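The chain below stands alone and is given as structure tokens, in the form predicted on its own.
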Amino acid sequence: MKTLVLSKLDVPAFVRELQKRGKVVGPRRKESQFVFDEIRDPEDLALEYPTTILPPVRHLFPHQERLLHFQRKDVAASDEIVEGEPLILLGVHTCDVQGINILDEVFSDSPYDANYLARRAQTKVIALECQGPCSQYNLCLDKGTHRLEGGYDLLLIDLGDRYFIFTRTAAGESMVAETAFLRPATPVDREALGKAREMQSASLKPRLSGPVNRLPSALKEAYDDLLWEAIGRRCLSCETCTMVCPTCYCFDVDDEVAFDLNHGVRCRLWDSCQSHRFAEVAGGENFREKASHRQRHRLFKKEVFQFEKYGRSACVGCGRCSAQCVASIRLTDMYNQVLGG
């Protein structure tokens, strides 16, 4: 691992160096909010951003994509569509890096997802550690996602007029190997890093009323709680909470057949467990017909089901679902209610 320093005056030059290696996607302003989008002009990069509307993982798992071309009368002639290009995700907050780590695990599980993994194999991640809370809804301190132990190639930490850089992988070291404007970190930089992290620790406050590792058992105990009916009466089933989540990955698959009825394209689209039809099966039975059941399922999926399968929560505490909910349903409130706070 190397430790380097990048002056903020040299960030545009750094972006131009990265552009030689692939498509650079980073945070940029969109009206009053921020989005992860391609950075063609380095001046468009906005590293000092609170959070984005959608998480950067959408560039690895797009809203819509084609999976294969098929021939109706000749199945053997069908050919898979697996697309990918060299991609650098720049300025990814640590919680969103954890979101990518979780989807890496899910899509690498059997049966593995060739489309996601092809994009991931060509993607480099440059993480950015937040120096304070990005919104009133984030749970990064409770979730332990304000710091990273892996899942990135480079890590940037804001020291005011410069960024402290940790290299993590060989790919990360390659990205900084020939950049003359970077310099090795000095004892003065390390002292500034220590102070920055002290300020970060002081500014981040826990929002949960109990230990986060009690959530799986607390949710199970609250399975029949009236909380879900109360939430269900407010929920509009608009699906926003799942569309903005960095770890939601439900999708539907559809065949688009050409007018000649002989060939077509198989596509997949994001889907949502908050959709009324999501749990509907042949014959019209719906296993989660009520919004209260669907909201309960959302939290159980994050804190119980994926914890039992992968040993960790699938909520990274970014707060997007709470911030974007038009019915003002707050994840923190639900967690605290089941924790007894």
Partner chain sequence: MEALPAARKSLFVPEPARILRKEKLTAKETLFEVAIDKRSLGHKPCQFVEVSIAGIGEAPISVSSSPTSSATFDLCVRQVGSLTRAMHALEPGAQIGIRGPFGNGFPVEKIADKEVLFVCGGLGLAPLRSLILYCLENRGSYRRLVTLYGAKRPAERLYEKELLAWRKDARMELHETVDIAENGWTGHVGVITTLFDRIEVDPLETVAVVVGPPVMYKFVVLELLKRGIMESRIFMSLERRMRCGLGKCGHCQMNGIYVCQEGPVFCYSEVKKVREAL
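Predicted model, so just to flag it, every value in this text is computed and none were measured. Note that the rigid core is defined as the largest set of C-alphas that superpose within 1.5 Å between two forms. Residue numbers count along the first chain shown, from 1.
This next part talks about the form predicted in complex with its partner chain, which is not shown.
Contact with its partner chain, judged by heavy atoms within 4.5 Å in the model of the complex, is confined among 246 to 254, 210 to 218, 130 to 138, 87 to 95 to 246 to 254. Exactly one listed residue, out of Ile157, Cys235, Leu182, Val106, brings a non-hydrogen atom to within 4.5 Å of its partner chain in the model of the complex: Val106.
For the marked spot (Val75, Asn115 and Asp271), a heavy atom within 4.5 Å of its partner chain in the model of the complex is present in each of the three residues. Taking the partner from the other structure, its partner chain in the model of the complex has a heavy atom within 4.5 Å of a heavy atom of Arg266. In the model of the complex, no heavy atom of Ser174 sits within 4.5 Å of its partner chain. Mapping the unseen interface onto this chain, Pro111 counts among the residues with a heavy atom inside 4.5 Å of its partner chain in the model of the complex. Contact annotation for Phe278: at least one heavy atom lies within 4.5 Å of its partner chain in the model of the complex. Superposition of the core reveals a Cα shift of 2 Å or more for Val257 between this form and the one not shown.
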